[in-house]
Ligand SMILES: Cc1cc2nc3c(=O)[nH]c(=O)nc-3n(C[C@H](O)[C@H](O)[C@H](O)COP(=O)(O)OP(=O)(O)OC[C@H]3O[C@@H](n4cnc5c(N)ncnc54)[C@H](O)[C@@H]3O)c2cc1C
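Here you get one chain, nothing else, as structure tokens; it is the form predicted on its own.
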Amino acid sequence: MTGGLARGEPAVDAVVVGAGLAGLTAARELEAAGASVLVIEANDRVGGRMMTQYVGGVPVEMGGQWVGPGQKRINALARELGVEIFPTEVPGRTVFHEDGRRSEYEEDGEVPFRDPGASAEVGEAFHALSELARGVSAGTPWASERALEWDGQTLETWKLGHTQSKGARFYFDLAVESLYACEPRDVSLLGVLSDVAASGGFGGLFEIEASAEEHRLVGGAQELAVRMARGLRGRVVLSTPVRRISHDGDGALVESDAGSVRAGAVVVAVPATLRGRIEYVPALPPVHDGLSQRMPMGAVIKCHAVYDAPFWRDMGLNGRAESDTGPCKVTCDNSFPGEDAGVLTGFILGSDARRWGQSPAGERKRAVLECFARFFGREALHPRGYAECDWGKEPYARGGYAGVPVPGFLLDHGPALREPVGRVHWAGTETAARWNGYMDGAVESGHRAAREVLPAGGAGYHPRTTPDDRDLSRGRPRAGATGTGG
């Protein structure tokens, strides 16, 4: 590989670094506009934080998987690619586990807290948080009138001032961990308010989850990336980490383990925290370099147990559990339609994920299955297949579901999430103005990055019609039960 910037005409119009939803969306947009594109991916597969594997003879989703009716971009993409969706809702009661006591409740019923006042207390806290979010601009939260105040504190500080009972605080924490894969102490209050505004989830944190998780994709979410890459006709290179990007007024040089390629522009579509692991010549401005140091990934281990049948349904249960005791404090029925097998999925989140991630795999599996047994009975101890993914150990993700805005991050570094640096442009779900942290946000960011590289109206550029060009006022989110967003 060369060490300096190559001169002359670029070998391609654009190089895209990363073959997740954001990178592949940008590449398709650019190619549709007549640009020559090369996608370079470090993993040996496409999909980024979407990954489908077979366990016990059935497909299971190791990464992002859910979509909601309010997420117009990802739904439009699925229709375009011919990937069908199906509803996730399974009828039945939810298991609730608090202070060693197991109980059940209907989906439309009240959560059976030990303290009967906790339900109203947590509802009031969610409402107060949502009302604050009305004063936040989703795309530019750092410009909000009270941004300095809100970005100067953690969500934990706010929670302690707005809840009193143990039950309310446990349930509030569970909502935050389910959404961010971290504790309230880890995330900026302004970051959370921005996400509530970006999703339209003004009924509470759980409403964001429900509105994002009404459907799944037949064949698994990774099928979207597989079909997108197939359409790029060999323009995707796998197992090739990018090491250096050099750029000046004449173009860019992208250097990888497989060699170098010249380009007119580069779209870097990786998690924000991984931007800084690429060398840039000239070096990134300090505010951009600091960005990659100040937006850590959440911590999540996604665990699947496959059974001959979804036995919990025979007991009138929907496979959902909410618990104050881990390792899996949240579970769901993750079975695919048309399959006889049943799949229970549990999430080890935040501090629990960091702690259990250091345990031997066999010990962790036993603890997960014992957790399932507490919720659904001893039959859960004997799956025909088991698999898990610790996203913190994935070298080109280093966590999930997405980057977490720590206090002070948005004020100092927020604009740099999307601001190009010379020939280098940025994509990824963390950069989205709406539904950031979700697959829909990744698609939005890919469209935006493509428009930056070849602005609308430029020679030969005819962008696809995207949901941004249509009425986004339809399809408001609805309230629902707990879940975890992809």
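Everything numeric here is computed off the predicted structure, so don't read it as measured data. Numbers for residues come from their place in the sequence shown, where the first is 1.
What comes next is about the form predicted together with the ligand, which does not appear here.
Within 4.5 Å of the ligand in the predicted bound form, a heavy atom is found for not a single one of 136, 151 and 407.
Screening 187, 132, 147, 274 for any heavy atom within 4.5 Å of the ligand in the predicted bound form leaves a single hit, 274. The single contact residue among 77, 353, 155, 269, judged by any heavy atom lying within 4.5 Å of the ligand in the predicted bound form, is 269. None of the heavy atoms of residue 386 is located within 4.5 Å of the ligand in the predicted bound form. Contact between residue 96 and the ligand in the predicted bound form is not found at the 4.5 Å heavy atom cutoff. Within 4.5 Å of some heavy atom of the ligand in the predicted bound form lies at least one heavy atom of residue 300. Heavy atoms of residue 62 reach within 4.5 Å of the ligand in the predicted bound form, making it an interface residue.
Checking 82 to 90, 364 to 372, 233 to 241, 138 to 146 against the ligand in the predicted bound form, the stretch whose residues place heavy atoms within 4.5 Å of it is 233 to 241. Of all the residues from 44 to 64, those having a non-hydrogen atom no more than 4.5 Å from the ligand in the predicted bound form are 47, 48, 49, 50, 62, 63, 64.
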